[in-house]
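Next up: just one chain, as structure tokens, the form predicted on its own.
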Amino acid sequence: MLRDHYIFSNGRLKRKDNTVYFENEQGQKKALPIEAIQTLHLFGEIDLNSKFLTYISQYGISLQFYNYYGFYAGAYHPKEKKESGLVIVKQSAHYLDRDKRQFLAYQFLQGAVHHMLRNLRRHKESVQTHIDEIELIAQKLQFAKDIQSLMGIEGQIRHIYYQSFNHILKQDFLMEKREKQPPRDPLNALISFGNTLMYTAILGEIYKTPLNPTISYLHEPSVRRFSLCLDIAEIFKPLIVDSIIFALINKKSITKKHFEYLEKEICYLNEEGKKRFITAWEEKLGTSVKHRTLNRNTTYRYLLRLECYKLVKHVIDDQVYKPLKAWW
């Protein structure tokens, strides 16, 4: 079974014969199970060369790079194997058609709101007021006249949703406001780190389909931006990232000691904090649910790819897209 592999140490990745090794700064070598790796996540300072890249490309392995503070820095993906001119043309056409674009943008937010409310209903005794407010505002989504209006309503919903965290979390993790660039407190740092993992996971799944990750609908496409990841992530952030955060904090698996500050302003998870989050992340993505349509067990990770396939079917006019709404 393919799985992601995470490297936190500084060192060098290299190919020797038909094996890939990671060699740390102390000269200690570790062979990596190349046939079992899906993505390598590199949190340390890593040297590598074209010989190594050529070799891992044969296995379809992607590289995700993060800076010292755990923020996404870039990616390497092997040459796409599932290009489809038809899908790219159709995908673009759905962006250029105002109604078609808005339909997809609306659907992404429908999935997002469903999962936000799903989280809150598990704590309804303390956040019923927030649930009522979100349900009321969410009704406006269907009447939004353009993408900007959709984004505005989504912003109102998400503000209330994040404020509800203060009634759910059992430690003194306080949400004053969502701050992304950069996160300035532990809770924002957790959300940013989790969302980064979500974006990279979705990008990896998009590359296994004919979709182009730069053509999006809710978020505006831009240069050097995989905006389709942001669209699809809206559905999964509350379902996966936020539920992990609730569990880590309320079970005290992560506490304030797992954070550090840069120049007393930028807050980020330290190495132990990142490892604990990633352990919970991998467990969550590996969790299986019985899929109602496929009639078989399906992991959370595969649900990400299914969402991409559903989008492909929609743009080629095979099946109308409906976002995932967790039923379990």
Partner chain sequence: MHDQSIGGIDLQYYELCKRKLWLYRKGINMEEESDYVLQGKVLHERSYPRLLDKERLIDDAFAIDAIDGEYVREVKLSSKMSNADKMQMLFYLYQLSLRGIYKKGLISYTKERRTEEIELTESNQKQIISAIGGVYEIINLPTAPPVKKFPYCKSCAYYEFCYSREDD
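These numbers were taken from a predicted model, which means no experiment stands behind them. Residue numbers count along the first chain shown, from 1.
Beyond the structure shown, there is the form predicted in complex with its partner chain, which is absent from this document and is the topic of what follows.
A.B. asks: Considering its partner chain in the predicted complex, which of A93, L174, A247, L86 comes within 4.5 Å of it through any heavy atom?
C.D. replies: If I apply the 4.5 Å criterion carefully, the residue I get is L86.
A.B. asks: Which among 64-72, 27-35, 284-292, 264-272 is in contact with its partner chain in the predicted complex, heavy atoms within 4.5 angstroms?
C.D. replies: Contact criterion met by 284-292 only.
A.B. asks: Could you tell me if Y302 has a non-hydrogen atom within 4.5 Å of its partner chain in the predicted complex?
C.D. replies: Yes.
A.B. asks: Does R15 reach its partner chain in the predicted complex, with heavy atoms at most 4.5 Å apart?
C.D. replies: R15 lies outside the contact set for its partner chain.
A.B. asks: Answer with yes or no whether P210 is in contact with its partner chain in the predicted complex, where contact means some heavy atom within 4.5 Å.
C.D. replies: It does: once its partner chain is placed as it appears in the predicted complex, P210 has a heavy atom within 4.5 Å of it.
A.B. asks: Heavy atoms within 4.5 Å of its partner chain in the predicted complex: does Y21 have any?
C.D. replies: Close contact is absent here: in the predicted complex, Y21 is far from its partner chain, nothing within 4.5 Å, heavy atoms only.
A.B. asks: Is it the case in the predicted complex that K82, K313 and W327 each bring at least one heavy atom within 4.5 Å of its partner chain?
C.D. replies: Yes: each residue has a heavy atom within 4.5 Å of the partner.
A.B. asks: Any residue of 256-290 with a heavy atom within 4.5 Å of its partner chain in the predicted complex counts; write them all down in order.
C.D. replies: Result: empty, none.
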